[in-house]
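One chain comes next, on its own, written as structure tokens: the form predicted on its own.
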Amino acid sequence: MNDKYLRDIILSFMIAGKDTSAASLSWFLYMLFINPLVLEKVVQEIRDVTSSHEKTTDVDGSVESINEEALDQMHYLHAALSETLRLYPSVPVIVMTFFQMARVNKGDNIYYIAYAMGRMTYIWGQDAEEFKPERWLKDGVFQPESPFKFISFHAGPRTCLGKDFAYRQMKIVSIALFHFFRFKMADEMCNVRYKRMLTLHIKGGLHLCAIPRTHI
């Protein structure tokens, strides 16, 4: 291990995590807008965990409140992010090359569609297409699903190395955004659709209006 190796690892994290995290946060914001009760619960959790009722103009104080302990207590936020990734996985189609398996020839490519798997009723139940963060909670505590069921970060030895980093990043950004701003869609009649790419972006982007909060 040397400086070049460490530099390459850092660059890989930055490049691999940039578009995927940005796309996930865009879908997350959109899902909150069309599910106002979920948005209300997310904001309430931010208020309760960070005790940020009156500190919207205190940037330093706000940043200090987003610590490890606070992030670990954001169970509902974590559930809402996971539910977003279930319905809108950052990488909707995965291809893998197999080197040796009993029923697959060496060099064959195998595709699985994470976007479709996240919406299958026989995997997630009859409410599979509903945005329902509560499916991830038990007595208010986040309960992770098997990575072979929740496939957005892959599974087994191919599990995404940046999974925990991505969750931390999305939580921090979400907390900061909802601490200082209220949001609404610039065009509430806009037909939001995905764009066919390697990563699942919103076609044309998600255009928002940010309104400073006087209190959270």
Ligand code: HEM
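Computed from a prediction, not measured in an experiment: that's the story for all the values here. Heads up: residue numbers just count along the shown sequence, starting at 1. Here, rigid core means the biggest group of C-alpha atoms that superpose within 1.5 Å across both forms.
Form predicted together with this ligand: not shown, discussed below.
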Legend entry - Check all three, 82, 140 and 142, heavy atom within 4.5 Å of this ligand in the predicted bound form: no
Inset, instruction - Sort through 154-162, 66-74, 30-38, 176-184 and report the only stretch with a non-hydrogen atom within 4.5 Å of this ligand in the predicted bound form. - result: 154-162
Inset, instruction - May I ask you to check whether residue 208 falls inside a 4.5 Å heavy atom distance of this ligand in the predicted bound form? - result: no
Inset, instruction - Report yes if any heavy atom of residue 169 sits within 4.5 Å of a heavy atom of this ligand in the predicted bound form; otherwise report no. - result: yes
Legend entry - Partner contact for residue 123 in the predicted bound form: this ligand, 4.5 angstroms, heavy atom: no
Legend entry - Exercise: residue 16 in contact with this ligand in the predicted bound form, heavy atom 4.5 Å: yes
Inset, instruction - Taking only heavy atoms into account, state which residues of 14-46 are within 4.5 Å of this ligand in the predicted bound form, ordered by sequence. - result: 16, 17, 20, 21, 24
Legend entry - Post core alignment: residue 22 C-alpha displaced by 2 Å or more between this form and the one not shown: no
Inset, instruction - Compare the position of the CA of residue 197 between this form and the one not shown after a rigid core fit and state whether the shift reaches 2 Å. - result: no
